[in-house]
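Starting off, we have a lone chain in the form predicted on its own, written out as structure tokens.
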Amino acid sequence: MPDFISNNIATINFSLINIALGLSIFITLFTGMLSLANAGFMAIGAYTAAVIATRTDFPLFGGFLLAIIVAVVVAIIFGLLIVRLREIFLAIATLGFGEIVRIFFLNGDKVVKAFTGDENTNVFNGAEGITIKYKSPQDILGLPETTWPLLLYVAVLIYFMITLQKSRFGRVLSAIRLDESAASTLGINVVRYRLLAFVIGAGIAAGAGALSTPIVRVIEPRNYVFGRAVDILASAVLGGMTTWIGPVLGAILLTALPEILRFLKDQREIVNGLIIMIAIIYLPRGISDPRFWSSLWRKRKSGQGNAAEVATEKEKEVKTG
């Protein structure tokens, strides 16, 4: 494995996990829905895959598929209840969902014991969580075997998002975000499309949670607290919410920045927060906003043109004496 990859493999893995999570919230934001439920769906995916890994002989792919199926079923049931909510009411409801999921996994063994009648049954292990046995990953084509599923998953998600934005389905979601009443007047079933976007986002988050289990190894409730929901939202807000590349850039920056600023030690979190705050204030459409970069490019070209004109004038003055 190349030195750069081996020295930064943890950052690469967590960047890929955060990119997948950023894309999971992108699709709901793209539809105009402020959902904070994806940390809860990530927990569902991670716990499902961890239970499958520790209690069966199924491969990771089996746990991955089952995690998405479970999350989709839960998302359909929960989505039917909350998909008509708007803005802050939707955010609060989905935030509450994340807390319910976390508390369920914290105390879920009591429910399991009540159903099975076996007091020795421990599936979720409360606050300690589920620990997956460590197995040194083999290198495949210069990357650890645990990184490849994440890399392929992110590649598929990016292809899906590119296709989505160019498709009729993507244009419908965008129309709902821009003017929900006008979209409804044109015959679009707004509730159905909002539910579909919510379920797709939940499935993506659950897949990211399932694929994170061999890397995180300890699946515990405190991994999916309120801060996780905020981090997922921050990657989309920082990168930009109108194009798929926004969450990708935001997730990479939010993951890499603490590592880049590690030399600042105790002041690292302060500087990290300041950089993010300044970026959001001066780039309200995200760092992927093409209008900002084209404006910056025009100013740079204009500055170079003025400098050339000044140099030409000076050269003429020297020649004329």
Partner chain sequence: MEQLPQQLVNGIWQGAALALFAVGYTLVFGLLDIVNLAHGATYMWGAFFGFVCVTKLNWSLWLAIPAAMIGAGLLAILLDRLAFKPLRTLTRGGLVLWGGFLILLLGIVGKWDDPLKWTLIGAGAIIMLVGVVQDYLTKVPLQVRQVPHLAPMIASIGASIILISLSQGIFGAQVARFPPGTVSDEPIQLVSGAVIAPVQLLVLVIGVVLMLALNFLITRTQVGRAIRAIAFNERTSRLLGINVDFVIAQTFFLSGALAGAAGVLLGLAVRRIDATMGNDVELAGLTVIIVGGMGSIWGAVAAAFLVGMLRVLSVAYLDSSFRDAFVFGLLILVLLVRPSGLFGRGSSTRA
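Since we're looking at a predicted model, the values are computed, not measured. Numbering follows the first chain given and starts at 1.
There is also a form predicted together with its partner chain; it is not shown, and the following applies to it.
Checked against its partner chain in the predicted complex, the residues 51, 261, 60, 280 give one hit for a heavy atom within 4.5 Å, which is 280. Among the residues 287, 34, 256, 65, the one placing a heavy atom within 4.5 Å of its partner chain in the predicted complex is 34.
Using a 4.5 angstroms limit between non-hydrogen atoms, residue 96 touches its partner chain in the predicted complex. Among heavy atoms of residue 153, none comes within 4.5 Å of its partner chain in the predicted complex.
Using a 4.5 Å cutoff between non-hydrogen atoms, residue 276 counts as a contact of its partner chain in the predicted complex. Within 4.5 Å of some heavy atom of its partner chain in the predicted complex lies at least one heavy atom of residue 100. In short, of 189-197, 107-115, 123-131, 213-221 it is 107-115 that has heavy atoms within 4.5 Å of its partner chain in the predicted complex. The candidate spot formed by 20, 27 and 164 lies out of contact with its partner chain in the predicted complex, as no residue has a heavy atom within 4.5 Å of it.
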